[in-house]
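What follows is a single chain, given as structure tokens, in the form predicted on its own.
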Amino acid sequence: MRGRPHLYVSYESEQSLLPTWTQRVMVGLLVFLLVLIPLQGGIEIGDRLYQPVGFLGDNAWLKILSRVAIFGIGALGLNILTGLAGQVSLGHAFFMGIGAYTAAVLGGEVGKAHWGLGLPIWIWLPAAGLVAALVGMLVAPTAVKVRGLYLAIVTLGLVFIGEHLFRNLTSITGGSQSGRKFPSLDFRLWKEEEPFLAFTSDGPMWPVFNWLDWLFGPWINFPAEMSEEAKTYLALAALLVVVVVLAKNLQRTRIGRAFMALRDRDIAAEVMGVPDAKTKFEAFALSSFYAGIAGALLVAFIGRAIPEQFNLLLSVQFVVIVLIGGAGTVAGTLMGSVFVFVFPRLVQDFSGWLTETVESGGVIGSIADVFVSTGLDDPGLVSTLEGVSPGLNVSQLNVVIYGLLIIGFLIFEPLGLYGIWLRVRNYWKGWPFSY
């Protein structure tokens, strides 16, 4: 009802995904922006072409956004297990590896040194999730017998077991330090030579976007060609949208409510009729399914990966995404995914800008010189020099910042970025009143 956004007159309206018109409009604009980014549309004013989101359409940024989509899918799986069901897990990388090598066996080339059946993506991608879910169900009976720190240690052991298996099953994984080639994201109906829908090659604009040219043609110019990175990004973004809708709907189902009851108070939930073991079993299966899908997409996006990639650091990266974004929330998980992959690029660009400022001199350059190391004899916090030098390089600086952010969010804002968004939203809803 207009002016009363939290007044619901039916259970159907209260349980809808987007109950208010503000949410519907904002989500619609966000989806439109996601589609517009890779198309690099611009407005011609005089002799200049202005692109509002043009820098995100660069191939380097599209690769970052593609990783955001892949890790967003995987993080939504961990959010189901940790955020909704309250089960601490450090074994997400293991299930991603299971999904990745399932995709490799089913979709890999036939007759090569490694196992491969050459099946299309519509077979190996769902199968990657199903096999990972099956392995998760096999692990669940052991994992559900413990809780808290002990559960974290059990799932941590899965990562080390997976690393050993992946290094030694050379017919499947390609072996340590060498890896294997993984199937591409091209969509084939079966095993034909030319894909039905190619995502890994440049080509003309897809006909499905002709409506954009028809609707905005008088004001915005769209290119006639689409790059490989743009096609891959659009495919992964579409999959992310589907997974987000499924994850959001899960919270409204009986299973999702059972997860949250178990998280909040497991003994009380069991007294109310929520089966403890069965619910944890389902949480592990669903989380593993998402992880398997993300693992298959990751290796297909990379093209070639080594077994050592599915290590503890990868699991910790997903934990960071959930903690920084906001455990138990879909929007927070997506915020965390964007932050974890976009922030390092911003740190890199900012470090480069500081170096250029120091070289240009001036007052700002003198201030920046305190923080930037520009030579072997120049101490500083950040260094953009090649090789060993004083200060932290960009990668080391990102690790330090991640650690500080985790500590800061756990102490001051347990809901992460989503909690900050709630504070900002509630402030403007109540403005100018402070109560």
Partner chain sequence: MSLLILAQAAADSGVDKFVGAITNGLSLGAIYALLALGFVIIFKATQVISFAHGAVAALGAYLVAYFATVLNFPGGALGGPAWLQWTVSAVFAVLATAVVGLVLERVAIRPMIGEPIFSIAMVTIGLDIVIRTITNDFISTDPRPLGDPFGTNIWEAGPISMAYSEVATIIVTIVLVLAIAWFFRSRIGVAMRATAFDQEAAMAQGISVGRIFAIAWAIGAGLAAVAGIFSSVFPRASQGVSAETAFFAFRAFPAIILGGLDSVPGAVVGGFVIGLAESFAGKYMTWSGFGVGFSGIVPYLVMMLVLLVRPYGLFGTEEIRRV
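Keep in mind the model is a prediction, meaning the values are calculated, not measured. Positions refer to the first chain, counted from 1.
Keep in mind that the form predicted in complex with its partner chain is missing from the display, and what follows is about it.
- Heavy atoms within 4.5 Å of its partner chain in the predicted bound form are found in one stretch of 97 to 105, 243 to 251, 151 to 159, 120 to 128, which is 151 to 159.
- Taking Ala235, Ala285, Leu90, Ala258 one by one, only a single residue has any non-hydrogen atom within 4.5 Å of its partner chain in the predicted bound form, and it is Leu90.
- Each of Lys145, Leu392 and Val400 is positioned with at least one heavy atom within 4.5 Å of its partner chain in the predicted bound form.
- In the predicted bound form, its partner chain stays beyond 4.5 Å of every heavy atom belonging to Val35.
- Proximity of Ile367 to its partner chain in the predicted bound form: non-hydrogen atoms within 4.5 Å are absent; the residue sits far from the partner.
- Proximity of Ser201 to its partner chain in the predicted bound form: non-hydrogen atoms within 4.5 Å are absent; the residue sits far from the partner.
- When contacts are judged by a 4.5 Å heavy atom cut-off, Arg265 counts as touching its partner chain in the predicted bound form.
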